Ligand code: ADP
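So this first bit is one chain, no partners, the form predicted on its own, shown in structure tokens.
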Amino acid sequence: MGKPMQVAMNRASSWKETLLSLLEDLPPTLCPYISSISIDGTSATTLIIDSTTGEPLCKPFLYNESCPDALPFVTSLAPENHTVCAGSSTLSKLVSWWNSHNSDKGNAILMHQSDWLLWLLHGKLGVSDYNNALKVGYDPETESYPSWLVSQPFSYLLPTVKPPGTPIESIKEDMRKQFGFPKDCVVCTGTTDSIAAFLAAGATLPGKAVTSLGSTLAIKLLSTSRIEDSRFGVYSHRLDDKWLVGGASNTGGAVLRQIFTDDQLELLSQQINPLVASTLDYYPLPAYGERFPIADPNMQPRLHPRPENDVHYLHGILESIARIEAKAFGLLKELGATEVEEVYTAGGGAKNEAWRKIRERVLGIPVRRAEHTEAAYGAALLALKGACQ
């Protein structure tokens, strides 16, 4: 095995070691009271597993890895504008692996990052949740894989799918004894990290949204209607009887850090009057290309003219990003989603009070900083849900 392949295979081992390390860090006095466990993982991070041993048959496919070799087949197979019609989708990764491997297929099974880590705890291979399974083609509305997918020769690799937070099995006896969990501790299906972060924020009613102001601008809106449109990277996750509609712009914190240091951002932001509109009109991007709310891979960043006063410049950039956010919510409404009524803010940009007030003025709705933003908190809420079933 070559060194690059060995490093890639070690990713799964490092995930396992990290999980065990986290469990070891739990206070021994609390372990006897843990009634359920759930895990969130990165969406579309994919493993092909030997169903007899549970060991990976190839290197894990990371969430951002693209398999353009599989895309023509996937787009010919799936309905137009389906979520799987992207080189980085789980289905594209599965098809790419299937076409490039001639052996070890008989005992293979597909699992997502959180599925596999949960398996280490409960020992039942081949169980996933409908948030993770969305990008392999699972239809959470009908609660089944579509016929165009089931008819494929690789369909036997697809995992069984349950709602997030569903009890799977009691924790394995060796794990229970090792960490001191109670005998009735159950392991529940997980979710993706972005869904877990949304759950953590506490947005529970249609019209509530969470905007993550990290390197990019990621938007998730709770809607009564399901929206799917791969042209804009918009897709919907099921949350009980509602839909979490999402999209992400390339604008965001990465642009700001190309221009200002963290100290400059803090100092300049304090001098901005957020109640006064900026006259500057930019489209801040870190590089060429935008995906949502405008789908243009060749779109050029627009950050000029630059005024001499850096306070005015930062004000113009922050306000321009707020206008992009407003345009994004407008697009989701045009596509049929519930109209946004309130936004919770997560990510590093949530700390910027001037930006929050600018966005509140531009959006024309309340914008609040989320009390909880950690995905782990959302996974814990899922585990709580499972414990109550």
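We number the residues from 1 along the sequence you see. What you see is a predicted model, and the numbers here were worked out from it, not measured in a lab.
Not on display, but discussed next: the form predicted in complex with adenosine-5'-diphosphate (ADP).
Annotation: pocket open; no atom of adenosine-5'-diphosphate (ADP), superposed via site C-alphas from its pose in the predicted complex, falls within 2.4 angstroms of a backbone or C-beta atom. In plain terms, the part of the chain that comes close to adenosine-5'-diphosphate (ADP) in the predicted complex, with a heavy atom within 4.5 Å, is 344 to 352 out of 344 to 352, 32 to 40, 50 to 58, 360 to 368.
Contact between residue 266 and adenosine-5'-diphosphate (ADP) in the predicted complex is found at the 4.5 Å heavy atom cutoff. In the predicted complex, adenosine-5'-diphosphate (ADP) lies farther than 4.5 Å from every heavy atom of residue 94. Within 4.5 Å of some heavy atom of adenosine-5'-diphosphate (ADP) in the predicted complex lies at least one heavy atom of residue 253. Although the partner is absent here, residue 213 sits close enough that one of its heavy atoms falls within 4.5 Å of adenosine-5'-diphosphate (ADP) in the predicted complex. A heavy atom within 4.5 Å of adenosine-5'-diphosphate (ADP) in the predicted complex is found for one listed residue only; from 262, 241, 296, 104, this is 262. Only one of 172, 231, 257, 306 comes within 4.5 Å of adenosine-5'-diphosphate (ADP) in the predicted complex through a heavy atom, and that residue is 257.
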